[in-house]
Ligand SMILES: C[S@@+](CC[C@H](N)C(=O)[O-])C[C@H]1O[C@@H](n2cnc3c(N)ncnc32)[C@H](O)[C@@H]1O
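In the form predicted on its own, a lone chain appears below as C-alpha cells.
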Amino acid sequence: MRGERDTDADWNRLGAEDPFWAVITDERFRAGKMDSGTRDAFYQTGFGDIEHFHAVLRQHFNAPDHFEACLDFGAGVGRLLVPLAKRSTRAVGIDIAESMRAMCQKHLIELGVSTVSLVATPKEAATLGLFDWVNSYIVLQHIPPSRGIALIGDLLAMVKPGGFLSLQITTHRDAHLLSQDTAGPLRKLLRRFRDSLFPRHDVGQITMFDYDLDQVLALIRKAGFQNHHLEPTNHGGHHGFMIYAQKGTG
C-alpha cells in the first residue's frame, strides 16, 4: 500500500544502531550499556522462551524432544534461533534486516554453530524444504497486518504435515496506548496524500500493529492445522496471544 510505513527500513536501521534493545526494549540492552554480562543475559532470555514454547508443544501436542528442522521468523540477532538450533538437526533464521543477519552470523561463528542458515525472506527459506517447527515471537506485532497476514500464510505453508507452530500476534492494547487522533475523514485523507508524496524520514522507529485473532485462526485452520492452543501475552499493555498448533497429516 502506497504511503504505508516501511518497517523493513526501520529494522535495518535499528539492527545497525541498537540491535539488542530493538529486540527487547529494556534499557540494560542499549548499545552504549552492553557488556559481556548483559549480552549473556540477553541471550539467556531466549533459552528461557524456547524452553517454555517447547514445553507447551510437548504438553498439548506431544511434540518430540528433537526436531529435524526448525525455522525462526524474525530471527534478529539469534536470541531464539540459537536455542532452536540446539533442538534440531538444522535451523533457519529469517530476517529482512541485513544488519540483524550480520550480527546473528557473528554470534553463530563465536558459538561454533554451523547448522544454521540465515535468509532474508520466507520465499528464500521455502527453497530449503519444510520444517518440523516454525516459530515467530514478538515479530509480527511490528509488521502491518496488510503485509503480515500474507507472511503468516507463507510460514504456515512451510510447516510439514504433523509439524508444529508457535506464533505470537498482538490483538488489542490498553486505553492509554490507543491513538488519540481526532482528525476528521478529510484531514486524514489529506494527511495520507501528504505522506505518500513526502515520506517521513524518522527511520528507525519501533511501531506496533494489532491483528484480528479470528482472521489469523481461520488462516491457520485453512492451512490444515486441526488443533490449536492459545496463551495470552501482555507486553507493556499491548495484549495478544501465543498461538500453538499442529498441522494435520491427512
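These numbers come from a predicted model, not from an experiment. Numbers follow the displayed sequence, beginning with 1.
If you look for the form predicted in complex with this ligand, you will not find it shown, but the lines that follow are about it.
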Contact with this ligand in the model of the complex for residue 96, defined as at least one heavy atom pair within 4.5 Å: yes or no? yes
Could you tell me if residue 83 has a non-hydrogen atom within 4.5 Å of this ligand in the model of the complex? no
Does at least one non-hydrogen atom of residue 163 fall within 4.5 angstroms of this ligand in the model of the complex? no
Whether residue 107 contacts this ligand in the model of the complex should be assessed with a 4.5 Å heavy atom distance threshold; does it? no
In the model of the complex, the residue from 125, 116, 143, 167 with a non-hydrogen atom within 4.5 Å of this ligand is 143
When this ligand is placed as it is in the model of the complex, are 22, 74 and 147 each within 4.5 Å of it, taking any non-hydrogen atom of the residue? yes
Look at the stretches 108 to 116, 74 to 82, 125 to 133, 169 to 177 and give the one with heavy atoms within 4.5 Å of this ligand in the model of the complex. 74 to 82
Any residue of 122 to 146 that, in the model of the complex, places a heavy atom within 4.5 Å of this ligand: 137, 138, 139, 142, 143
